[in-house]
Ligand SMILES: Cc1ncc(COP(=O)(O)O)c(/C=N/[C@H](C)c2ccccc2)c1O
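The data below hold one chain only, encoded as structure tokens and taken in the form predicted alone.
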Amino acid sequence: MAKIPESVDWKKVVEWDEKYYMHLDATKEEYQCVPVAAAEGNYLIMPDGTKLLDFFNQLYCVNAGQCNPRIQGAIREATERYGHLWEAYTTDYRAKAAKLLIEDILGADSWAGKVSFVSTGSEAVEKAMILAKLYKNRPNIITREYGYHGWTLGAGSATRLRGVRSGLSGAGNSNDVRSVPNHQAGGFYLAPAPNCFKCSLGHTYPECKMSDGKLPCVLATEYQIKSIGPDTVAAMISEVAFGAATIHPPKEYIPQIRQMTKDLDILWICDEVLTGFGRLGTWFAHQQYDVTPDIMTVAKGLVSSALPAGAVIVNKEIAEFMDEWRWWHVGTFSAHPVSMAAVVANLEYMLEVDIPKMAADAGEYFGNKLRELQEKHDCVGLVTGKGMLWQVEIVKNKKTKELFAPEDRHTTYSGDLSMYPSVFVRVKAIEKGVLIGGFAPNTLRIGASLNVAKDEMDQGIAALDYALGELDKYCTK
């Protein structure tokens, strides 16, 4: 049982936080400090002992649950052995983490060659694109509409959700926006997203498919690559299921994109930072489509976010290529021994309990409950997902698909956001002791830890049912 420290002066905590910390997503006038005294399982525990059930799973990243005893014990043990070592030195933790990934988890798929550790998902994406460009000796990267890949310069350039690219937005009645100057690096080209609920190409799935079964969004991606020259493109980077944008693609999309990259002789960087390590009911989301990547990025679930850790996994051909060169690339905290200890404990725990199956079983139950809400509520236009990552599209009118926030995923998050459905639902669900909502204005992104209990899922559904009922009052027939 998590303990609330008695020695902490929470009034001082709030004072220092408001006075000294640079906050996200809110002006000084808007900001409300939310102190958390402890975390356990799927709950955040407030200083007064109140528990909030977290169906944001923070950033959908605490796969094994908050304060998992196996991971916490490994961290304590490692701190008795190490302060810091940079990655020129080998630890037993790093070697075992690499072996667990390449052999125990990915070995059956026969594609993975070697792994390189970093500290965050953004770093993993940066390193993946560097590796792709070095291997192919080409300058360009294909990314996608609505993709999210991180906040650093390269990862931010691959990110095409304007509202989450480190810019500023006005509050209240102000719709002012300030994007980061020159934060869009050259060499990135945009492909359409497979957003079948609101297709940016104007198509309707599945009637949109060509005579050979190819999706128009895949064909448009192929034409984009051919127009700039495949011989100039190092890789295409894509999430399997979109994280921040919250889009699950149609079943044909990933296999067709993977075949296209092979046909055009470009690499596929599969960004599994959010979907990796069981989130969708398999170890990795791409495994659901019987495909393998050339390069894969991971973080979050790699360590259940107990400490900062990420990684890039490359195929055997790239690994052999890199073995022939000296690679001058250094990160101070890459493969930090204490983080590696946490990774090992996390992966061993996941293997022992079969975390992907736990997520798949939970998803089957939770998905059925969400579909019941879709039938019940006027505001629910779509429910789709797997495991513990669910997409719920909110509409003002079910027949016409009219949205509450017409700007949808192109939002800059400026002005009054109170009637964004993702905000409205979050505010209402908190009344029932549950954190649930999303990042895209009209879309809920829902997921707990992968070992979530049935009674916790029931509590989350009850809170969501209440919040959707309140939102139904604003729908039109």
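All residue numbers are counted from 1 along the displayed sequence. This is a predicted model, so every value here is computed, not measured.
Same protein, other form: the form predicted in complex with the ligand, not shown, and the subject of what follows.
At the 4.5 Å threshold, heavy atoms of Val125 reach the ligand in the predicted bound form.
The closest heavy atom approach of Leu59 to the ligand in the predicted bound form falls within 4.5 Å. Contact check for Thr384: no non-hydrogen atom falls within 4.5 Å of the ligand in the predicted bound form. Proximity of Leu274 to the ligand in the predicted bound form: non-hydrogen atoms within 4.5 Å are present. Taking a 4.5 Å heavy atom cutoff to the ligand in the predicted bound form, the contact residue among Glu393, Glu145, Glu239, Glu87 is Glu239. Out of the listed residues Pro337, Gly150, Gly281, Pro249, Gly150 is the one that sits within 4.5 Å of the ligand in the predicted bound form by at least one heavy atom. The candidate spot formed by Gly121, Ala244 and Lys300 lies fully in contact with the ligand in the predicted bound form, as each residue has a heavy atom within 4.5 Å of it. Of the stretches 214-222, 326-334, 135-143, 265-273, only 265-273 has residues with a heavy atom within 4.5 Å of the ligand in the predicted bound form. Although the ligand is not shown here, in the predicted bound form the stretch 411-446 places heavy atoms of just one residue, Phe439, within 4.5 Å of it.
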